[in-house]
Every structure is written in C-alpha cells, then in structure tokens.
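Form predicted on its own, single chain, as structure tokens, below.
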Amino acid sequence: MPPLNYFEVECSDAVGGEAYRRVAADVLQDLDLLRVIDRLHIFIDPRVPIFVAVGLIRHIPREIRLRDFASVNVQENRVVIDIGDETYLAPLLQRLWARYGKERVEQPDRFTVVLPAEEVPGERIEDMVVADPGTSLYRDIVYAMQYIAPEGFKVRRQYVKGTRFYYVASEDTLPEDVVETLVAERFARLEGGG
C-alpha cells in the first residue's frame, strides 16, 4: 500500500495531535483508503472547538462497464452475456432487471445471462455502466472523516468532488466565512507541501 505523499495533523496540543495522527492512520488503513488518498491535512483546535480535514485523492476509480468484465454475443433471437468476472454480477443483474424487467432476464448459470434480442434492439449493451466505484469511495472518505473527528462534533460540513475533499466538524455552528478561510488555508498548506 503506498503511503500518503503528505500527512499532517496540526493541533495546539502535541499529545492530542499525535493521538489523532495514529487514529487517522489506523482508520485510513482499515478502510483501505491509503491507496487512493494522496495528501491529507488535519487541523484540530479544541479551544474553538473545530476539526478540519482537507485532502487530495490520488486517482478516481473509473466507472465499470459491462464490457470490462463480460462479453456480449448478439444472436438472432437473444443476447448472451458471458460473465468473465463475477465481482459485478449482482449490480449487473439489478440494472438489467430495472431496465428490462426481471421476467425477461434469464440466468441459466452463474456465468451466463440471456436477454431476448428484441429487448435490446441496436443498443450497445456492452457500454452499460454497471458500477461506479467513485461513489462508494466518496462515501468511504466521508465515513472515515466522521470516525476520525472528535466525538460530539455534530455540526458538519463536507465536500467531496473530483480529486478534492474537505470535512469540517464542530460542537457549535460556525460562520461560513470562518469555515471557508480555515479550509482554504489548509488546502494551501496541503498543496504547497507543508
């Protein structure tokens, strides 16, 4: 697993900061996020109180299309999908059932799915998006930040889009300009390397 290219915990209490560093490292490792998060800066000020985490994602996993794990054979009266990797079979079946109806989707064995040809006229079914790992990645990042943030910090703001994310938590409502300033300052440190 590649290490983070930048990982800093900024805290007015050195002992508390080190504890949060260990907690954050453990959570990121447990959720297998070290492979996708490139840079992370956490700021904690117990006097305010506030927790700010900003980060950059190493890469966004691409959408998984049917052609990525199966071959499609269009025959005269049916379309046969030969599954090469079962990893995405369940989401594929969910999508096919939603699109064509459960009664029209046959599965004679675990590596084959059959559709009537008239159900997919001229459609490039192999281009169908079956799963989007980026969606679950974003969910996992937010979950990790919730777990890392101090308990009792229930006022939250979060943002995950593209390769950037931030998570802000506090016990109290914070003015928008304070949040924007703190997030911008931490991104500047993060992108500047420290």
Partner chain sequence: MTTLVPVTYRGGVYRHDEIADLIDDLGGYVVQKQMMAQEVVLQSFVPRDDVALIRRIAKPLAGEVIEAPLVGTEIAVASPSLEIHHLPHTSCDIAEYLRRAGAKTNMVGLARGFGKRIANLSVEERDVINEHDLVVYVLGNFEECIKQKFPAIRRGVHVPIVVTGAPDRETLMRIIDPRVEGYVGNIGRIMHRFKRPEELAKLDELVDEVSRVVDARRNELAKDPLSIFPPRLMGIVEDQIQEVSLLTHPTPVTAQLTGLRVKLPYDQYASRIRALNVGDGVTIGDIADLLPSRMRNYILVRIKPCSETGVMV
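Residue numbers count along the first chain shown, from 1. All of these numbers come straight from a predicted model, not from anything done at the bench.
Only in words, not in the display: the form predicted in complex with the partner chain, which the text now covers.
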Inset, instruction - Tell me, please, which stretch of 66-74, 53-61, 129-137, 165-173 lies within 4.5 angstroms of the partner chain in the predicted complex when heavy atoms are compared? - result: 165-173
Inset, instruction - Check whether residue 161 has any heavy atom within 4.5 Å of a heavy atom of the partner chain in the predicted complex, and answer yes or no. - result: no
Inset, instruction - Consider residue 148 of the chain shown here, and say whether it contacts the partner chain in the predicted complex, taking contact as heavy atoms within 4.5 Å. - result: yes
Legend entry - is_contact(residue 180, the partner chain) in the predicted complex, heavy atom dist at most 4.5 Å: no
Inset, instruction - Look up in the predicted complex whether residue 23 has a non-hydrogen atom within 4.5 angstroms of the partner chain, and give yes or no. - result: yes
Inset, instruction - Let me know which residues along 4-18 have a heavy atom within 4.5 Å of the partner chain in the predicted complex, or say none if there are none. - result: 11, 13, 15, 16, 17
